[in-house]
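The form predicted alone is given below as one chain in structure tokens.
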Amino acid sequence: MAVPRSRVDEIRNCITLTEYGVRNVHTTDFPGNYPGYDDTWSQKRFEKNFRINIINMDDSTVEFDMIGIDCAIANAFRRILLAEVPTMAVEKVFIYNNTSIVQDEILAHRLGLIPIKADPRLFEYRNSGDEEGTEIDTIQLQLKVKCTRNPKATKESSDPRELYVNHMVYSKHIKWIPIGNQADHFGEAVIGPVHEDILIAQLRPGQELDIVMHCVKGIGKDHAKFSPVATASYRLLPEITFLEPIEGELAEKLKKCFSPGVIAIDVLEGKKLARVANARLDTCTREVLRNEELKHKVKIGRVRDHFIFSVESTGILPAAVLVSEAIKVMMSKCQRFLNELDLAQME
């Protein structure tokens, strides 16, 4: 028995959420799977259907929709953002003096995880075995702080902020020490920690830190400190379909089953009528499927090829720049793969 065309469209294009499971999770739109459907890949068709819509964007975050693409490509893009877009981070820590209670290893680890505001596109990767570094592949930072007593503090005071000077060591105490011609090359660009209020250690009078750090270029695949994003995630666009009109008190119950803003209620000729106001706000809780009066009136699912991306930068580079850099990395991977295919055919 042939499957109706509308049913095939649902299987190919929508992931359906049921009360106790999820259906149509596997990709089925491959050539020859459904009679009457031409599912062979076409660049012309892809270019026609693929698009990116930017929803929100500022320096730290960007939310955009990626439509008309396979899940494998969308996930590859997410993983590139997490692990293959390069940044600058502390790699070598030279501790000349540390009389705080924080052990050298813990201190070095803390310093390594502080995001450094420096454009990695202006630097080269350091050669393996190179311990010194040069102006083209290394940023040198210094942390030199000593805690002393505050001579102006009152005798009755017990607040460390009044009793001591420099008793809290923050990332703002880290200073950039230019190497070679870096001062002229970068001009007024400020190189240093992204945030100035990251607590590194607490000192007491007589304790001090004297540290030099070398920052190098790397990727998150090698160490998490090089990852340029705080979060990079996506979710499929929710789809809510009414199988019949929902009116009156049922409309009010339906509204409570979804996140705020998903369902709106209109009043037409004195009757309350529910409608889908903004499906993208839905979190797919499936609460409506637990209501006996509503479970057969509503169908919920997710659009298979509509991805809602959310990217939050650590502040090293604007989020929009990270997205464009991830696209460049993906393009270079594709080109490298094509080159390998050409070489294989020549052999």
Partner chain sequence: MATEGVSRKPVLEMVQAEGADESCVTYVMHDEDHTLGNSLRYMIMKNPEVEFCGYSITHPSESKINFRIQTKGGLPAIEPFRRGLTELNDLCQHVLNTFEMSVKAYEQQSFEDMA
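Numbering follows the first chain given and starts at 1. Since we're looking at a predicted model, the values are computed, not measured. Throughout, rigid core stands for the largest set of C-alpha atoms superposing within 1.5 Å between the two forms.
Another form, the form predicted in complex with the partner chain, is not on view; read the next lines as being about it.
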Heavy atom within 4.5 Å of the partner chain in the predicted bound form: which of Glu293, Glu287, Asp29, Glu312 fits that? Just give me the one.
-> Asp29
Contact between Val25 and the partner chain in the predicted bound form at 4.5 Å, heavy atoms?
-> no
Does the partner chain get within 4.5 angstroms of any non-hydrogen atom of Phe64 in the predicted bound form?
-> yes
Is Ile80 close to the partner chain in the predicted bound form, meaning a heavy atom pair under 4.5 Å apart or at it?
-> yes
is_contact(Thr283, the partner chain) in the predicted bound form, heavy atom dist at most 4.5 Å | no
Looking at 250-258, 190-198, 69-77, 151-159, which one sits within 4.5 Å of the partner chain in the predicted bound form if you count heavy atoms only?
-> 69-77
Taking the partner chain as it sits in the predicted bound form, which residues of 295-324 have a non-hydrogen atom within 4.5 Å of it? Please list them.
-> Ala320, Val323, Ser324
Align both forms on the core first, then report whether Ser324 has a C-alpha shift of 2 Å or more between this form and the one not shown.
-> no
Verify the C-alpha shift of Leu338 between this form and the one not shown: is it 2 Å or more after superposing the core?
-> yes
